[in-house]
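Shown here is one chain on its own, the form predicted alone, set out as C-alpha cells.
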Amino acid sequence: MSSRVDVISEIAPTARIARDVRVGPFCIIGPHVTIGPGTVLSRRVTVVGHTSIGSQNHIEEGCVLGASPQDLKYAGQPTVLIIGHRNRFGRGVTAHIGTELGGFITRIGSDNVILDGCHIAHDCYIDDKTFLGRYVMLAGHIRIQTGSVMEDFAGAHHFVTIGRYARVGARTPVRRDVPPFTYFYSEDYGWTAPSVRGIHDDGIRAAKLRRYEERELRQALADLFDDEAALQTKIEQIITMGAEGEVAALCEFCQNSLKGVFGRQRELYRGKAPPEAAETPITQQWLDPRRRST
C-alpha cells in the first residue's frame, strides 16, 4: 500500500515516511522527520525538528510535534523528539525536542493516550501505557513512569517524577514527586497543598501483581502514607524487614525523592543529562547533512 498524502500538505523531500502512512490536508512535515508504518496524521498536523515517530500512531488535528524548546538555554543544536508506537494524540497536543543540557532528547514511549491540548515540554520522558487527560501541562525535565494517569488540567513542575501506576487528580498542581501506586490530589483543586490521599487501585490491578505481592505493597503504602511524618524512618524499617519487588522499588523511589531538592529526585540532574538519555543514544542519522534543507 502506498502512502495516502493530501495534495495540499507540505512535505519536505528528505522526510522519511513509510509507504502506508496517511497524511491529511494542511499537514507540514519537515526535512528531518521519520514516520513509521500505519501512522495517521489527521489534518493541520505539524511535525518538524529532528523527530522520529514509530508505527501505528494516530495524531489528531492541530498537533505540533518537534518544535524548538521554549527554553532560553537551548543553543540551537539538532536535539530530538522520539515517539514510540501505538500512541493516540488528541487535538492540539504540543511536544518539543530536547535541549543540550537535558540530554538532547524528549522521549514518548508506546501505547500512551494523550488527550486534547496537552503540552509536553523539552527533555520530558514519558514511558509506556500512560494516560494524560485534557490540557495536562508538563514542564521540562519531567519523567512520567509506566502506567501513570494524570487527570484533566493537572500540571507538573520542572524535574518532577510521576511514579509507576500512580494517579494525579484533576486540576492538581504537582510540585514534588508522586510515589508509585498512589492517588495524589488536592481536595479543593489546589487551594490546599496536594498530597498522597489514597492508593490507586486501578493502577495496582493494571500492574498484574501476584496476590502476595499486592498484599505486601498495599501494606507498605498504608504504613508509609497514612501519615507522612518520619517517612525516612518508616522506609528504613520496611527495608530492614526485607523488602522485595514492588515494595523495595517503592522505598527506593521515596528515598531518592527525599534526597532531591524540594522532594524532586530529578533536581539532582539539573544542568546535566539524566540517565534516561543514555538509553537512547543519538546516532548520525539525526545529523545527516543530506537531510538538511537547502
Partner chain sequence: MPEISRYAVVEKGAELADDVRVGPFAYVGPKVTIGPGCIIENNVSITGKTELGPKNHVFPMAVIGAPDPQSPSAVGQVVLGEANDIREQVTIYAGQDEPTRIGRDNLIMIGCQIGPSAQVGDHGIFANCTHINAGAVIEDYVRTSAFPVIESGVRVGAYTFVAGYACIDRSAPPFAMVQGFPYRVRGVNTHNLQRCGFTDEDIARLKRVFRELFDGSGSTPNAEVLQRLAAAREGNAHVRRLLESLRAAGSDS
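Residue numbers count along the first chain shown, from 1. Predicted model only: the values in this text are computed from it and were never measured.
Not on display, but discussed next: the form predicted together with its partner chain.
Distance criterion of 4.5 Å from any heavy atom to its partner chain in the model of the complex singles out Thr172 from the list Thr182, Thr146, Asn87, Thr172. Checked against its partner chain in the model of the complex, the residues Ile114, Ile105, Ala166, Ala154 give one hit for a heavy atom within 4.5 Å, which is Ala154. Although the partner is absent here, Glu279 lies well away from its partner chain in the model of the complex, with no heavy atom inside 4.5 Å. His96 belongs to the set of residues with a heavy atom inside 4.5 Å of its partner chain in the model of the complex. Though the partner is left out of this view, Arg44 does reach within 4.5 Å of its partner chain in the model of the complex, counting heavy atoms only. Residue contact check for Ile235: none of its heavy atoms lie within 4.5 Å of its partner chain in the model of the complex. Note that among 106-114, 130-138, 196-204, 215-223, the stretch whose heavy atoms approach its partner chain to within 4.5 Å in the model of the complex is 130-138. In the model of the complex, Cys27, Ile28 are the residues of 27-42 with at least one heavy atom within 4.5 Å of its partner chain, listed from first to last.
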